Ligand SMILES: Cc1cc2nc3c(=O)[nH]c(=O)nc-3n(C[C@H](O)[C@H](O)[C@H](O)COP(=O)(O)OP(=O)(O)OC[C@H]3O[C@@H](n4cnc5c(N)ncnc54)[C@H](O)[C@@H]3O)c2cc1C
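In structure tokens, one chain follows: the form predicted alone.
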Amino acid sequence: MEKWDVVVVGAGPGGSYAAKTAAEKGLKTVFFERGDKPGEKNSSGAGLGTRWWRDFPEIMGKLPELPSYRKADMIVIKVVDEENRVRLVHGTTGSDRDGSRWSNSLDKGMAGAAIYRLDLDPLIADMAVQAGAELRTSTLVSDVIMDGGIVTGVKTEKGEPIAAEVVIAADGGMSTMARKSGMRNRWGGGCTLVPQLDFGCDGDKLDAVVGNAEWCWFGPFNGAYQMNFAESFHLGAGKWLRPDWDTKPTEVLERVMEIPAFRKFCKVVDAEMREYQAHFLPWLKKPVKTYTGGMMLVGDAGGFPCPLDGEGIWHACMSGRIAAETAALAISKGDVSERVLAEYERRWKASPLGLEHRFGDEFVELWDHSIFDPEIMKGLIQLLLEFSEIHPFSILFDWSDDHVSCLNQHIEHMFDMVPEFSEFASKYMSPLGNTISPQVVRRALLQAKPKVPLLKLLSDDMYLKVLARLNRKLAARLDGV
């Protein structure tokens, strides 16, 4: 039986990056891909955000060479009402103002790329091979080998046994390795089936319409994202997959495709639908158990996708890197037991990957009672539109009455709507206040202090104590109303 230090199951981004890291650590590494080559998964593309420059600059630097690459420096959100009218368009601030972003600047904001998995996956797999890992394609790993409750290797579909000191499972949300090892039989709630429609189009016309932007569509339907590539784009959506889910995946997208603005966009860029795609995604509040004796789970197999937006590729590569580093540590100790591999969970929880899930409960609850509830969204969209009306340009160009009257009418209408959503805000928005660092609040309050001359007489500590006392009194008064 052949023997390896590390066997990686799956050559998606997480598996390939785990193989790359393990090989760079000097471990004898092999990774398996069931397709003819990495990137054949039924999933057209991905968006890679700003933090990829911080964590994986060697990948980002190579993306402009790939055929499907489109630079992204902002997200444009299109808010649609019940009549399918686009009522609000809002763009995030890009951070590539002076061109420095694409040379590894770490400014805040949106500056990344859209790329097809057919381009991205082979790129990372090639990096792993160049680092010394061996890639075997057209090979389905179908079982694990266990000894005394510890995973000691894997078996291919043909029954070939392959021994390993450590197995890293990167075989997706329906992970065979997790099930065969007894780590779990199925996921709990919170998973989704993500439908996508892939369109080809005229690249020059797409440049003229979208530029370096990705789009999102929000309205009284399940929120949808539009990823734009060099000469194509895809439209995708998701919602929690529950036993009572009575929506066909295609129906989620059909609602967006009925929007006149989307239909006009398709006509302008000469869009032609090429493929329907769907893939299972564990969209959880927090990852479940991610390790056992002799094996660790990375990416979708471990339940790592972001609980707020479902992004999973950065999470796969981060968990793959940490798993490989943990494998190197365990192998150096000559102990790959569950007790030692618990270091994997300690490390990912202490990393930016763990911080992503710190408020997973709050994020999931917010989605569950907003974007994924079309009835609630009808009211929330109207409230959002009312808020959007109160800005200088809107008031300046509202000539229905004198400007002061217009301003007051907008504010009055907004306040009429607020009570209806007070329960929503207290249940699902207030908990997100815990995401704000106390240090950030303290700094903001202290920066505001010099602007009020009388407050200069108070020390900083006394000033903060007075504010805290006033806040408690105000809260008590509001509770009594």
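Residue numbers run from 1 along the displayed sequence. Bear in mind the structure is a predicted one, so any value in this text is a computation, not a measurement.
Keep in mind that the form predicted in complex with the named molecule is missing from the display, and what follows is about it.
Remark: T139 counts among the residues lining the named molecule in the predicted complex, judged by a heavy atom distance of 4.5 Å or less.
Though the partner is left out of this view, A170 does reach within 4.5 Å of the named molecule in the predicted complex, counting heavy atoms only. In the predicted complex, the named molecule lies farther than 4.5 Å from every heavy atom of A19. Remark: P305 counts among the residues lining the named molecule in the predicted complex, judged by a heavy atom distance of 4.5 Å or less. When the named molecule is considered in the predicted complex, only one residue from A46, L27, V30, L63 comes within 4.5 Å through any heavy atom, namely A46. Out of the listed residues I313, A327, A178, A224, I313 is the one that sits within 4.5 Å of the named molecule in the predicted complex by at least one heavy atom. Of the candidate stretches 292-300, 70-78, 353-361, 127-135, only 292-300 has residues with heavy atoms within 4.5 Å of the named molecule in the predicted complex. In the predicted complex, the residues of 9-25 lying within 4.5 Å of the named molecule by at least one heavy atom are, in order, V9, G10, A11, G12, P13, G14, G15.
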